[in-house]
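Here you get one chain, nothing else, as structure tokens; it is the form predicted on its own.
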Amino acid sequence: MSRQRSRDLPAHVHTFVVGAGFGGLGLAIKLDEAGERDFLVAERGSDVGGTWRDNTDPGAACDVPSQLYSFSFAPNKDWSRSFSPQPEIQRYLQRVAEESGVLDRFRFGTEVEEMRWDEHDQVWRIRTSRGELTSDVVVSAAGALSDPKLPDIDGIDSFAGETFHSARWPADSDLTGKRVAVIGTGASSIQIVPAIADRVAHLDVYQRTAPWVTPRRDRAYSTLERLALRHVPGLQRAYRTGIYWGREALVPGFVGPRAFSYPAQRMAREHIRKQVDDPELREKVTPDYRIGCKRILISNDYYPTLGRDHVDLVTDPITKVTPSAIVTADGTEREVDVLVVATGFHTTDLPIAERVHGRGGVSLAEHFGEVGMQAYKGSTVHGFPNLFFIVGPNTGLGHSSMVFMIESQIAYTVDAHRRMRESGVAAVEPTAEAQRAWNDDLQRRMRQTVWSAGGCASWYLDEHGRNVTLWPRTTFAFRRLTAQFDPAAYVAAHADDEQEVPA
């Protein structure tokens, strides 16, 4: 579905929201419910959905159980499986958007080019691909998995065949009878590889580091079960609650002593033993780091696919790409017709940071370059008044549903709107002390987690080795900490105040 860009941009709105995925859509609904109706959601794409609109690669599906992967205030009674495929998630978001009554304040095909804080007028001056406007508050719900990250490989631009990132899969792509190479063995790759194996003539999968893969406990819901979920009062909420607490029980394996992760690692090793007969392949796919250090993947058909005669797992480093082949460090040149890049996203250097300029004209990217990517409660940043994040720094999860974290940050942001309006405050920003204390505590907790001490390098870590991506505690702890806006951690300015804020 592609929505029209029909309406023009207003000259001014109270709240300007970037992105129409789970975060932007959920925030719009909750702002509207709270009576904060003067907002605009700008989306560069043609529809709601964000990640789930853009990632249409073969096999794309969620690795969080379906019942937990929806808004708590808009449960989906139509899931067909215990783990949702991408088209179902996208249809769910489209339905929620249609029924919410907020789409009149969405502008699709509208890309944010620059946002600057005007200290004199205490507004954000915003330039988009469709014109300019001002806003009192800006909320970035652009997400962490929105801008694909391309590998820096010598000669990749010279490749004469078809090349695309897994997150930008062409709708008209036909891999039938072709020699295909997939670079990367992350979450997207292990879904793509089994999904395309039957169509291709030959498939090379290039692995830099083996992932831990556990069984995918996926099943289709029976007709009776779907009817019960739809019509039996409380049943769907009971499913959701049970799944939630089951996921929270996994947290000690990530943040606790090494022994807490042994059961999961034994299960993953047994998964390899059962599915991989060839000793050489088994050695290649067995990680040498503690489970959970990198994202844990789930699949029932990835390992069997790697064992097929026309599929090769390549672990030698890639040295260059020629117009027709990939060359590895051992000198082997493998001919290829299509190159699929499944190398993830910009997660530790948010691309939107280049476009946001706060107090004194400093860009968010420059600010992060000095202090590292950090925020107060993953939501606000010192030096950037009236800027809020949905899915900000250190709000990602390794075990459960991001929708839970998104709803927590939405509640915090909506409450901030209420407090500002009730107290006549024009602008807020966290104090440097509050932000520093929050992040010092985060990084102290992070040192004992598997992500820092598990023996691997992952996309969770920035160039300094700091985990700026994940939340190192339970999700209910985050929910408690963001339940209400906390003015004591902020400097507030009224409309007639001078904009002087201590560093």
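Residue positions are given as counts along the sequence shown, with the first one as 1. Computed from a predicted model, the values in this text were never measured in an experiment.
Below, we refer to the form predicted in complex with a small molecule, which is not included among the displayed structures.
This chain is displayed alone, yet in the predicted bound form one of A411, L229, I153, A432 has a heavy atom within 4.5 Å of the small molecule; that residue is I153. The partner is absent here, but in the predicted bound form a heavy atom of S189, alone among T110, S189, T395, S299, sits within 4.5 Å of the small molecule.
Partner proximity in the predicted bound form, defined as non-hydrogen atoms within 4.5 angstroms of the small molecule, places exactly one of 437 to 445, 61 to 69, 33 to 41, 474 to 482 at the interface: 61 to 69.
At the 4.5 Å threshold, heavy atoms of V138 stay clear of the small molecule in the predicted bound form, well away from it. Shown alone here, G378 lies farther than 4.5 Å from the small molecule in the predicted bound form, counting heavy atoms only.
Although the partner is absent from this view, H367 stays clear of the small molecule in the predicted bound form, with no non-hydrogen atom inside 4.5 angstroms.
In the predicted bound form, no heavy atom of H399 sits within 4.5 Å of the small molecule.
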